[in-house]
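Coming up is one lone chain in structure tokens, specifically the form predicted alone.
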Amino acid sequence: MRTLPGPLRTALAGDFRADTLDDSAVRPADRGLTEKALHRLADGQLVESVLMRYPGRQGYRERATVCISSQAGCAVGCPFCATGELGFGRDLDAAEIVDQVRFWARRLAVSGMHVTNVVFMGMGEPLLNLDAVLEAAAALTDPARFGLGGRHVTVSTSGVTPGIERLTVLRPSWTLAVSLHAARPSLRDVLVPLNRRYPVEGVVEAASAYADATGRRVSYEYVMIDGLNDTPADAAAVATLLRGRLAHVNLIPMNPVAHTAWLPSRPERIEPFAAVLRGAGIATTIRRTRGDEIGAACGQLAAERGGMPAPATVRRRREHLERAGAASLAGRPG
């Protein structure tokens, strides 16, 4: 604000803040196409955001997608996710969510680019902080503010059915993404503990109602873990669950996470899995992981900076998961 007197500008800078992010550290990967930022908030909480650049190619324009966090940590506790190991810190407010996008918008502007897509797929469960997510999305899609098109916003959930139902009433033009990871309830209880409260069948019904109300295809995210949820029986279960629905499945090899012995599925297991879904008429994409060398998966950088749970806690959790996983796999083919 150059029109203000210098002493007043100095006083404003000393007494007020224009950004909720106290400090941000950035790591590049994929020859600069992926960058991850670790943001420190005013109270010391750490959150992460990721910028993914997609160069233009035939039929597609250049894109810059920002993945943002809605909570510091996460209470859902999915065992293959580093954020789950951190536990839950607190909800972010709308300004803290929007400022993650502003951070990357400023960084992109230097090279004449701008943010084209925003995905609420970072740390936290967006539908457990829905009021702040709605307020942030309103700011991001308001033509008088950030001006992002509603169809360029994706909101992810592990399966908070009441939140999906609330979105259905509001009928936004966003894409809804459901973190599926297993179709069989016994296995999903292990991989997505929220399944015990909101069973997968009800989650898919609620998501289908959202698709019917908005005309927007639901994206189902499926992290593939070698030998655990990538068998022919699992593929058949997903096909049965989603057949005939307005759905698209993204198969994503698991990002390696400290303190778990699980590994990403191999291509020779992913391809047949995808073939089963496509054979059932379900649009399916095999995703390439990005930013592995910088820990770009949710929570990995914050875990490195903030410290992981005590070894005894991790050991007890792993023993529980191994018992539960073994029980869920017993008697299955593949």
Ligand code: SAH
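Counting begins at 1, following the sequence as shown. Computed from a prediction, not measured in an experiment: that's the story for all the values here.
The same protein also exists as the form predicted together with S-adenosyl-L-homocysteine (SAH); that form is not shown, yet it is the one meant from here on.
S.K.: So, F103 and S-adenosyl-L-homocysteine (SAH): in the predicted bound form, are they within 4.5 Å at any heavy atom pair?
M.R.: So F103 does not count as contacting S-adenosyl-L-homocysteine (SAH).
S.K.: Please run the contact check for F80 against S-adenosyl-L-homocysteine (SAH) in the predicted bound form: heavy atoms, 4.5 angstroms, yes or no?
M.R.: Yes, contact at 4.5 Å.
S.K.: Flag E221 as yes or no: does it have a non-hydrogen atom within 4.5 angstroms of any non-hydrogen atom of S-adenosyl-L-homocysteine (SAH) in the predicted bound form?
M.R.: Yes, E221 is a contact residue.
S.K.: Would E125 count as a contact of S-adenosyl-L-homocysteine (SAH) in the predicted bound form, using a 4.5 angstroms cut-off between non-hydrogen atoms?
M.R.: Yes, E125 lies within 4.5 Å of S-adenosyl-L-homocysteine (SAH) in the predicted bound form.
S.K.: I need to confirm a contact call. Of Y198, F120, F146, Y210, which residue comes within 4.5 Å of S-adenosyl-L-homocysteine (SAH) in the predicted bound form, counting heavy atoms only?
M.R.: Spelling it out, the residue with a heavy atom inside the cut-off is F120.
S.K.: With S-adenosyl-L-homocysteine (SAH) left out of view, choose which of A137, A183, V249, M254 has a non-hydrogen atom within 4.5 angstroms of it in the predicted bound form.
M.R.: Flagged contact: M254.
S.K.: Counting only non-hydrogen atoms, which stretch in 105 to 113, 80 to 88, 234 to 242, 161 to 169 is within 4.5 Å of S-adenosyl-L-homocysteine (SAH) in the predicted bound form?
M.R.: Flagged stretch: 80 to 88.
S.K.: Go through 150 to 173 residue by residue and record those having a heavy atom within 4.5 Å of S-adenosyl-L-homocysteine (SAH) in the predicted bound form; state none if no residue qualifies.
M.R.: The stretch 150 to 173, when checked against S-adenosyl-L-homocysteine (SAH) in the predicted bound form, contributes S156, T157, S158 at the 4.5 Å heavy-atom cut-off.
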